[in-house]
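Here's a solo chain for you in structure tokens, the form predicted alone.
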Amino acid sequence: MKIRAALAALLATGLVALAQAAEPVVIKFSHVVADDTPKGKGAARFKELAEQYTQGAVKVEVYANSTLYKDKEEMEALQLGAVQMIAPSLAKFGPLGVKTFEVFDLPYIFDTAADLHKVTAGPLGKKMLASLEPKGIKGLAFWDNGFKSFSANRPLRAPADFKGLKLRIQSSKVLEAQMRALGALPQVMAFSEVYQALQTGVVDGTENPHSNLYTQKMHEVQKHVTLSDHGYLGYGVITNRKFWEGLDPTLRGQLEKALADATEFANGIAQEENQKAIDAVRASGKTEVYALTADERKALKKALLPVHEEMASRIGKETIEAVYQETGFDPSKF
């Protein structure tokens, strides 16, 4: 009996040593914004929790601010398995042929964060994430940045104020239609190039949640910001499907818990972080921040709502109507 016990102890010691000697699973998490944005802080929290919950069996390497891949390169790198996790803006799924995600780009489709979360945290959001699987992508979560404001070097208070302005957008047919509805000229440009383009006058303005505007220092080269809350910018946290499904089930479960907790954290701080950012923009004295009146907001919304109908054939009328149903939005009232 003593010999058996000794052998069992020796075997257990050997297994522990073998487990300790095993190389950790490395997850490279690439994103294009700064560390001190909601997405940047969410990625940092996921790293912390993933390494904690797996007791070091997973190592997460976070690459912020396009240090690993630019936003145009990230998706291909993920599909090829060169990077294991990214969190692109939802508009990035359109070029893959999954155009339903472009519903999030429609102007004024969400009035509040609560309306938004009825979609992202509900059955419709889960269905949309699952639609990525045929593309070799596993959709894991939605992360908020926040609602967007317009910026330019002249005041933007009425639809007529946008006429002729070259406004930067990320690649999105919906956002192109949005800018054209205002008489502006949409300019597709990588996020990492925007500051210099604004500084040199290549573009006249842009749209961003406040945290992106501030952390990228765009307010230093924009004289006016309008608190329009006209659109939402969020991200899909995604991974290479083959990589994810090839993980040990126990390890995958631990990572799913880490991601769920990181998602709650990231979405919980988004509004606070954006408020801090716009307060800092005001305090800088470099940019005038203007809040639309109720009538001005209504006029802007009226000018932009035709984009919903225009993009229905692209996004899918049924998807747009499903969002309307979830949020109680009625376009006929405007």
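Start at 1 and count along the sequence shown; that's the residue number. Keep in mind that what you see is a predicted model, and the values were worked out from it rather than measured.
Although not depicted, the form predicted in complex with a small molecule is the subject of the following passage.
S.K.: Just to confirm, with a 4.5 Å cut-off on non-hydrogen atoms, which of Lys138, His230, His219, Lys92 contacts the small molecule in the model of the complex?
M.R.: After the contact test, the surviving option is Lys92.
S.K.: Among Tyr235, Tyr108, Phe162, Phe147, which has at least one heavy atom within 4.5 Å of the small molecule in the model of the complex?
M.R.: In short, Tyr235.
S.K.: Should Asp71 be classed as touching the small molecule in the model of the complex when contacts are defined as heavy atoms within 4.5 Å?
M.R.: Flag for Asp71 set to yes.
S.K.: Answer yes if any heavy atom of Ser151 is within 4.5 Å of a heavy atom of the small molecule in the model of the complex; otherwise answer no.
M.R.: Ser151: no, not in contact with the small molecule in the model of the complex.
S.K.: Indicate whether Val32 is a 4.5 Å heavy atom neighbour of the small molecule in the model of the complex.
M.R.: Close contact exists here: in the model of the complex, Val32 approaches the small molecule to within 4.5 Å, heavy atoms only.
S.K.: Does the small molecule come within 4.5 Å of any heavy atom of Gln178 in the model of the complex?
M.R.: The answer is no: Gln178 has no heavy atom within 4.5 Å of the small molecule.
S.K.: Tell me which of 178 to 186, 164 to 172, 98 to 106, 76 to 84 has residues with heavy atoms within 4.5 angstroms of the small molecule in the model of the complex?
M.R.: Of the stretches listed, the one contacting the partner is 164 to 172.
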